[in-house]
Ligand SMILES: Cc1cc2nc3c(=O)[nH]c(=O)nc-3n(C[C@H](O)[C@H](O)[C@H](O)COP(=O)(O)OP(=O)(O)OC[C@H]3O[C@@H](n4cnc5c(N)ncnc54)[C@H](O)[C@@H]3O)c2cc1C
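Given next, in structure tokens, is a single chain: the form predicted alone.
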């Protein structure tokens, strides 16, 4: 019997993870990527002496990456080096309050007590609740596949089922945060974690308390040479394992017969593959690649609300204005209206929360001497017929004026380089349906648990990885999705 072969569609973090694990297990693996480099959303922009990570910017759970290399019999320190941040993020409010989200929990509690109406005990109680939800849910809903876990239940999975009501599904994130904090600024800060999955805190379940727990207890990290060094390292180890990469090769169709995968197609070229791991937006797989818009799954995903998208300005900035950190958030005055604009009105918020990431504060070569590289992002709606040229101009004016009011500096005069990425660009570059960053939004009490599983229940030989399927968005989870998909291939393909 010959060596088993697998096609991986997409060289994002999930696809790179799945490919390396499968090759390590003895499979012949071919990765087909439409772009010229690996990385997916974690790609890079270089121009005029500046380097920008185009997508993800905050790294958590570094142990997930270290374990990835260890499972592949490689020493992680030879590929990546992480450094924990002392301040996870600086939060700036319209009333000029500045809250530093210190990594040290005691110092963090003191910061809240000194600058808000809430007490140290409130923050401590809150994180105890976050920890309880994490410990109940993580084993099943982050690190493993529910498909496997519930077939062979363990004490952890049985405990999670027994205590399902304690996972926060009966309350929204905003309601849970409001139970612990009386100061609207603190509630707003912890409501922001719904955006890590492209959702609204006023509709997403309180299960998302897992996210701040992960960020504060496991830490937020910088990566030497920037976020794009992560997919480069994953690519290097995958190549060492024998994975074959085909860049500039866009898969346009997954060929199937009687719900059995048969081949993939690139333009006029057809390559036989009976096992396919799709590191692509789930909607794109069903609606485009499978050409199966009328299947139950395709219809279901068409009616699911897409996650939010992003509008990003990449600015080369002269000087060191504003005394900012690596990660900074300028909050809106009315957070609830901001999410109404995004999800109900399908427009960029009139008063957006602004996130600014400045990696040159850590990686000095990311900008010329005397300059900084500003990644300036607002949460935006998915594509729904908007005029993105007009939206970009309007938002740019709003952002520069807001930064001028908050920092007392005319940022407009300091911009020496500029590039923009809209939801339309995100869809074109990453095949993200409607430009949504995380597939479907988790804007329901069951939203956190209803993601596409890593093995298709309809098509034999089809598997999924990446941020739009289980266990969810974000680099560590995308990496885990690749490992879970590889495990399912090995278990399911005899």
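The shown structure was predicted, so the numbers you read here are calculated from the model rather than taken from an experiment. Positions refer to the first chain, counted from 1.
Just so it is clear, the following notes concern the form predicted in complex with this ligand, a form of the same protein that is not shown.
Peer 1: So this ligand isn't shown here. In the predicted complex, which residue out of 74, 377, 363, 298 has a non-hydrogen atom within 4.5 Å of it?
Peer 2: The option sitting close enough to the partner is 377.
Peer 1: Can you pick the one in 251, 194, 130, 356 that has a heavy atom within 4.5 Å of this ligand in the predicted complex?
Peer 2: When this ligand is considered in the predicted complex, the option within 4.5 Å is 251.
Peer 1: Using the partner position in the predicted complex, report whether residue 454 sits within 4.5 Å of this ligand, counting heavy atoms only.
Peer 2: Outside the cut-off, so no.
Peer 1: Going by a heavy atom distance of 4.5 Å, is residue 279 a contact of this ligand in the predicted complex?
Peer 2: Close contact exists here: in the predicted complex, residue 279 approaches this ligand to within 4.5 Å, heavy atoms only.
Peer 1: Is there any non-hydrogen atom of residue 52 lying within 4.5 Å of this ligand in the predicted complex?
Peer 2: Heavy-atom contact with this ligand at 4.5 Å: absent for residue 52.
Peer 1: Whether residue 29 contacts this ligand in the predicted complex should be assessed with a 4.5 Å heavy atom distance threshold; does it?
Peer 2: No - in the predicted complex, heavy atoms of residue 29 and this ligand never come within 4.5 Å of each other.
Peer 1: Mind telling me which stretch in 427-435, 44-52, 66-74, 455-463 gets its heavy atoms within 4.5 Å of this ligand in the predicted complex?
Peer 2: Among the candidates, contact is made by 427-435.
Peer 1: Would you give me the residues of 298-319 that have any heavy atom within 4.5 Å of this ligand in the predicted complex, in order from first to last?
Peer 2: Contacting residues: 310, 312.
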